[in-house]
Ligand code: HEC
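The data below hold one chain only, encoded as structure tokens and taken in the form predicted on its own.
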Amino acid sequence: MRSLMPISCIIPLFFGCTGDQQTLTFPTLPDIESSTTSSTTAQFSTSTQTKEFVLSLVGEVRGELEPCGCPTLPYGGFARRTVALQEVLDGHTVFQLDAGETLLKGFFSNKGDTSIDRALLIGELSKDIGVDVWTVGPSDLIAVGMETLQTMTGPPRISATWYNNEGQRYFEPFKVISKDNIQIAVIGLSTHPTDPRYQFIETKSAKETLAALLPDIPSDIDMIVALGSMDDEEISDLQYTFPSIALFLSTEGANYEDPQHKPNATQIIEAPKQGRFIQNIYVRQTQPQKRLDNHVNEADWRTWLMVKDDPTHSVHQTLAEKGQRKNLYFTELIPLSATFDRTDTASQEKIASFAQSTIQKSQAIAEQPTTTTEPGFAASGRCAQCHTAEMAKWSFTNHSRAWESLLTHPVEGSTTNPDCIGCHTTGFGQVGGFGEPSTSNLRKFKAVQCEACHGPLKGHPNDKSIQPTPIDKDTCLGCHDAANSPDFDFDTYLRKATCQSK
């Protein structure tokens, strides 16, 4: 059963009750066998030594660099994640795992940012933050292409399921990670790309892959984990098939069900979307290469976390008794809230530099000469000369106050964040539209004006070839996507937020 703690269950614990078509060349691929010998191959240990560690899981980061302020809960960001890992997991042995779908911004909308600069920064930040291994996913391919995905700076990438037409893998199939006398093997299971540009990739099933690969895992490994953007139905069928796999760690499935432990099954734990939370999995292991069990109540686990360094506390005996010949685990979903805001993280400097560069590029595009195919933006003042009734109605909507909402929002720096500016102004990064947040640009293009929905109209109505674009659902989904506007309903929002009178 998928295990992802609902937000409603975790918030009180913390806050109280309040791509492109290209000629493809295949670089020299890694020797598959070499990855299986990267660790020592000592005989399997029968020791019942207890080992305690944490698997810190993320997935579907989707190119998000900073907290997004649109949802009710503006969580996330690499800077907060850095602080949370340092403060929440201080004193623990931590393995950071990324289930993939990491690089591409805007996957859930029609306003995707395929900027390779963003993707490369995400890879760099993931490495800086200490991610130990990353299973690549289909949207990562869309963001940078195969060759860049193989060679870019970032955590070690794995995929046991992707092959070229010569039967060679593009990435190492698994990664052995050793920390504090604990060794885990992480197997990468990437789902098949659906983008037509990447149909040259041959994908083997997870079942076939694991059956062939597990005998190659070194025998002295403490834990084996399967990690990746795995298909719901396929991975659910494997829960009883491979008892040596301790956990299946996946991106969030389409058919989410409430957490429920399945006895004698390998548990599936999902990563929350867009880097807004981290899923910490606390492990107390006595049996190497065996499934995990959660037969310990939450109160005992939380007590253990508080008194972990006090061996005289009775909770240690409780866990020891319940963990006899069993591997125990407990999951905790950590919201990356303002609690973890700091001003001295190195990631903030890199993100600020990227934001400044993005705005400068947008300004350069905005200053380009307009053409008949790119007529530029007239701004709402010009529209109001003919459409007075529509303008009056629009002035009472949230769209008209979109820029002001950034000024009052609790997420600091929203007015200089290109991820925010794009949906709170008109024509950002387009010819003749909003570029940098200067006084003159704000005077003309702040807020979600007429042309944000109807398209650039400079020259209308004198130039009969320039006509407004009808509004449809796809127009709105550029900003009102599933991640940032989860309650979006086209008909309701159309009446409330635009000049439409019906």
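We call the rigid core the largest set of C-alpha positions that still match within 1.5 Å between the two forms. Start at 1 and count along the sequence shown; that's the residue number. These numbers were taken from a predicted model, which means no experiment stands behind them.
Absent from the display: the form predicted in complex with this ligand. The rest refers to it.
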| property | result |
| --- | --- |
| Residues Val448, Cys476 and Ser485 all lining this ligand in the predicted complex, heavy atom within 4.5 Å | yes |
| Stretch in contact, per heavy atom within 4.5 angstroms of this ligand in the predicted complex, of 129 to 137, 312 to 320, 200 to 208, 400 to 408 | 400 to 408 |
| Close approach of Thr425 to this ligand in the predicted complex, 4.5 Å, heavy atom | yes |
| Exercise: Lys350 in contact with this ligand in the predicted complex, heavy atom 4.5 Å | no |
| 4.5 angstroms heavy atom contact with this ligand in the predicted complex for Cys386 | yes |
| Contact test in the predicted complex: Ala378 vs this ligand, heavy atoms, 4.5 Å | yes |
| The single option of Asp419, Glu172, Asp222, Glu270 touching this ligand in the predicted complex, heavy atom within 4.5 Å | Asp419 |
| Rigid-core frame, C-alpha of Ile471, shift of 2 angstroms or more between the shown form and the other one | yes |
